[in-house]
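Only one chain is given next, in structure tokens, and it is the form predicted on its own.
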């Protein structure tokens, strides 16, 4: 029986905790720092997840067998390198590999070098360079801050006015700080989007599933970008043929390329895809599990999550059995009023006690005086299941109606894009 440390405090980390708590291989789970939901199945510990020395001391004291990294910042900071030097198992890529997410330009350069299908791009360090690149690529064009920007450093420019505004945001206002010192100017692909999630062991990989996230704050994909207001898995676009094509033309060449660079890639690889004329192109890579996509993908994994993560970290993913449910899962995010802008905290959440038979992941919550209260923008993820997308949507919104807190906000159209695609097939 193994001891696990999970790093992070959101819905993704609660999803990891629930799956691992139900795993026959797992004895004890610690979550740093965790949330109000992880508190009931893990021991929450107040550790700095960017401080490798502090984490390694805890890992040694508690005989941790495997550390699971939730968010991207510790990976970009090089936590895996420090754990590897200390001989400790950890899920995720080293600092070099983490650049597939932490540097848009690095990722595009790797894709170009190893013939991974992706849009035309130009790396730019100034407005003048960006102007030249825009004239070369043509409108519409996508402007991406090179570094990590909490999922918000992407601006789609349909017009000259949009482009001028993007230049002001990136180079004049420096809205994304150091992340926006360089930008990747990219051809704007038009097609259907989906995300494919794989677990990699440096050489080989397993595709877990596909999902579609809903980034905008309001119904109809209106309003500002958020961390994600809901998701569903699998997507109707992810046929076995498409997933095989993504594996053969994108994931395998990327893994071969990273190995050739001298830095075999281990951990989660989240591939954001645009399908253009039945061919997949990479919009972006992430090097960790998505949030809220983890909340629909992990519950559909019927085999051991521990085995999958353990053997991938050991470099032998072929030893892990993989069994995935044929059901559909939908998650709806309940957020605080005002998110992704300013929002209040400290509201008591009602109705959770009546949902023991339903799956509810905590994100921005904490336990205070025996009550669960809000402490973040994305507060709760409810998860519904069904034999098809419509039934899973209905199930999720049934749970939404059972939970209440002051200022509860949520999108009412999660999954509708998938239903529209099915109806048009």
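Numbering follows the first chain given and starts at 1. As the structure is a prediction and not an experimental result, all values here were calculated from the model.
A second form of this protein, the form predicted in complex with a small molecule, is not displayed here; the remarks below concern that form.
- Exactly one of the stretches 342-350, 179-187, 163-171, 77-85 approaches the small molecule in the predicted bound form with heavy atoms within 4.5 Å, and it is 179-187.
- Contact check for residue 279: no non-hydrogen atom falls within 4.5 Å of the small molecule in the predicted bound form.
- The small molecule in the predicted bound form comes within 4.5 Å of a heavy atom belonging to residue 193.
- Residue 215 belongs to the set of residues with a heavy atom inside 4.5 Å of the small molecule in the predicted bound form.
- At a distance threshold of 4.5 angstroms between non-hydrogen atoms, residue 284 is in contact with the small molecule in the predicted bound form.
- Put simply, of 274, 89, 123, 73 only one has a heavy atom within 4.5 Å of the small molecule in the predicted bound form, and it is 274.
- Interface residue among 154, 320, 148, 206, judged by heavy atoms within 4.5 Å of the small molecule in the predicted bound form: 154.
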